[in-house]
Ligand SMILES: C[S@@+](CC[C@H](N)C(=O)[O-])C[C@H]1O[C@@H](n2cnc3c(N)ncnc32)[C@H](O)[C@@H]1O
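Starting off, we have a lone chain in the form predicted alone, written out as structure tokens.
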Amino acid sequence: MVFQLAQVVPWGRSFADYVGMFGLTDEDLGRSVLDCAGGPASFNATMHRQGQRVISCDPIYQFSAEEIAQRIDETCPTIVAGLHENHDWFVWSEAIPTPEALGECRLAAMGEFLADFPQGAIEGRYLVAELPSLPFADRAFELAISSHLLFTYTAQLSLEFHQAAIAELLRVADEVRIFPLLTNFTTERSPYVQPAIDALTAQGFRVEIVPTVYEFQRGGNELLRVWRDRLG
């Protein structure tokens, strides 16, 4: 099936969001990092400015910055409206008190991405690729992070897809962190989380559910952390 930009609802998060979502330490930020699927987040742009190593991959990167920007403009009002409709499912704060305030934060992050994307694509920091098959060598990265794809889209992506995707992330990275563990627009943990943990544990991987300081979806303050220790 041909990937269509019209299928995508771009919603990029900031560097600070990434640090909170994935519990990233200074040591983590100094490792070689894969962000999959990175979407229009500003994480790569900020990491590059700091002299750190990160590659972001996403099928959306086959489109131009102008095309992605147009899609952001088309979908942002719909997202904000959805946040209003499901207001009680989210944690609002003094920093982000309303859906409109969140929209402004996300647009700022996506603006950083759009400014960085053309040159970053030339430099190979943004690559067109998608799970469950990535164009990287075994153990090409020390850390792979993935937000708001696996478990989030439980209704759209099968358990088999999730298991294959996690296996692929473990092929290319020594450690994998996935956030959040909730199904999209709910406060419920995905029913795929425990089967995924059971399968990984049976294969000898070290697996933990780790609390995070970041919480926007109510109850969405945990990540899945997996190490490929068994592979030496």
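We number the residues from 1 along the sequence you see. Worth saying up front: this structure is predicted, and the values here are computed from it rather than measured.
Form predicted in complex with this ligand: not shown, discussed below.
Considering this ligand in the predicted bound form, the lone stretch of 83-91, 97-105, 111-119, 143-151 in range is 143-151 [heavy atom distance within 4.5 Å]. Using a 4.5 angstroms threshold between heavy atoms, L131 counts as touching this ligand in the predicted bound form. For the chain shown alone, F15 is not a contact residue for this ligand in the predicted bound form, no non-hydrogen atom being within 4.5 angstroms. For the chain shown alone, V176 is not a contact residue for this ligand in the predicted bound form, no non-hydrogen atom being within 4.5 angstroms. Though the partner is left out of this view, V172 does not reach within 4.5 Å of this ligand in the predicted bound form, counting heavy atoms only. The contact residue chosen from I60, L181, I55, I166 relative to this ligand in the predicted bound form is I60, the criterion being a non-hydrogen atom within 4.5 angstroms.
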